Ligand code: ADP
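Consider the single chain below, provided in structure tokens and representing the form predicted on its own.
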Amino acid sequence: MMLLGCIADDFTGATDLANMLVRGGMRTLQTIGVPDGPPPADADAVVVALKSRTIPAREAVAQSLAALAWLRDAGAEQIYFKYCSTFDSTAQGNIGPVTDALMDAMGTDFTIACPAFPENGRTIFRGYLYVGDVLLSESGMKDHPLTPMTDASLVRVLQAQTARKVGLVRFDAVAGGPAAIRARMAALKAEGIAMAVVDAISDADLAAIGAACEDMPLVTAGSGIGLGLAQNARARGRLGHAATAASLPRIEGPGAVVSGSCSPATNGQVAEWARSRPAFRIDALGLAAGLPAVEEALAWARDRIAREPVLVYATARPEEVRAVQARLGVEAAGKLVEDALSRVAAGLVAMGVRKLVVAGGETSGAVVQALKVRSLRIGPQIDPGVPWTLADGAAPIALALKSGNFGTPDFFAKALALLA
């Protein structure tokens, strides 16, 4: 019986949630896109990974409804719409429109919105999202090339995306535990509120919110509440197997890193790697000019990967990204880089790379599609929100799909060392 059916709006976010559910003891499968056949009989949870965060809202809704239909046909008892812990979106969506569509399809009149992930420094207080010690609007997300976040008020951001009324479950109710949270949600419903942003500043808050949402048909959140939902299932005796750490078989073969994220965290990780390890930069303007950057990157890597892991990256500082976007346009620049890095990844795998780290949600989506990956088995955690995974297929390939904002400065080397 599938206890939890999850719809994630990008591939790294899907892996983040799957990692959290595995930590909670749920046998979890991540699929790339909506599957063709039935889920495995032993899956407690299935996470359907979509690439819908930055596409037009109408397309994001259509993909999400297709995922919902498959999950409900497969018997999912509860549905979880997962988005980024930084609530990446625009005034047009896609969080609000997708939530609206899922609520309509499921006939439910209330849900929550809670992207908090305290373990990674994402907390919500009085409805405002913090990244570390600063408001979202003061963090590096204000310079995101596709979804710049310039307002930290989640109630305002979400209200701009939906005709339904948006309210707030404040920290004082959350501190009162599951019963107080449920009481506040009931009061909001009585006022005509359909979506409630929920404050959370600790893992204990997430556990309480998860318990309060135990019987809620649709939950929308970041990955953090997944651990609470897994605890609900165990408390009800629905997880008879042991909550053991995930593991992967030993993977032989060279390792490599492909990075397209331009977040401050990934810029730091690229700089840390390049201080002492081989790195090749792909320039977006060079790609636009027709230079054979992919071929040059693969030729450069061919002589090195047998000796040591390599990094191929298009990561750049915010001012460089803005300059490229001004020349090429935001959408064209992103697609150009994603396509190039996906071809680099496919070329590296063809050369024998079997341990591949990919940085950036959009880049990860392009890479797994280029590699024709259909599902992922979740393995050990590298850093909060990022596990190793094992891709399906005849030749085993370990993939670490990293959200741009996640990971310590030495993440790339640490990840590869974990499978050494």
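In this text, all values refer to a predicted model and were calculated from it rather than measured experimentally. Numbers for residues come from their place in the sequence shown, where the first is 1.
From this point on, the text means the form predicted together with the ligand, which you will not see here.
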Fill in: The unique member of I209, V98, A116, C262 whose heavy atoms fall within 4.5 Å of the ligand in the predicted bound form
C262
Item to complete: Using heavy atoms only and a 4.5 Å cut-off, determine which of A316, L136, I181, M195 is in contact with the ligand in the predicted bound form.
Response: A316
Worksheet item: Check L4, A43 and Q231: does every one of them have a heavy atom within 4.5 Å of the ligand in the predicted bound form?
Response: no
Worksheet item: Is there any non-hydrogen atom of G407 lying within 4.5 Å of the ligand in the predicted bound form?
Response: no
Worksheet item: Does the ligand get within 4.5 angstroms of any non-hydrogen atom of V169 in the predicted bound form?
Response: no
Worksheet item: Is there any non-hydrogen atom of L239 lying within 4.5 Å of the ligand in the predicted bound form?
Response: no
Worksheet entry | 4.5 Å heavy atom contact, G93 to the ligand in the predicted bound form | no
Practice prompt. Name the stretch: of 27-35, 64-72, 378-386, 361-369, exactly one has residues whose heavy atoms fall within 4.5 Å of the ligand in the predicted bound form.
Written response: 361-369
Worksheet, complete the sentence: Contacts from 336-357 to the ligand in the predicted bound form (any heavy atom within 4.5 Å), listed N to C, are V337, E338
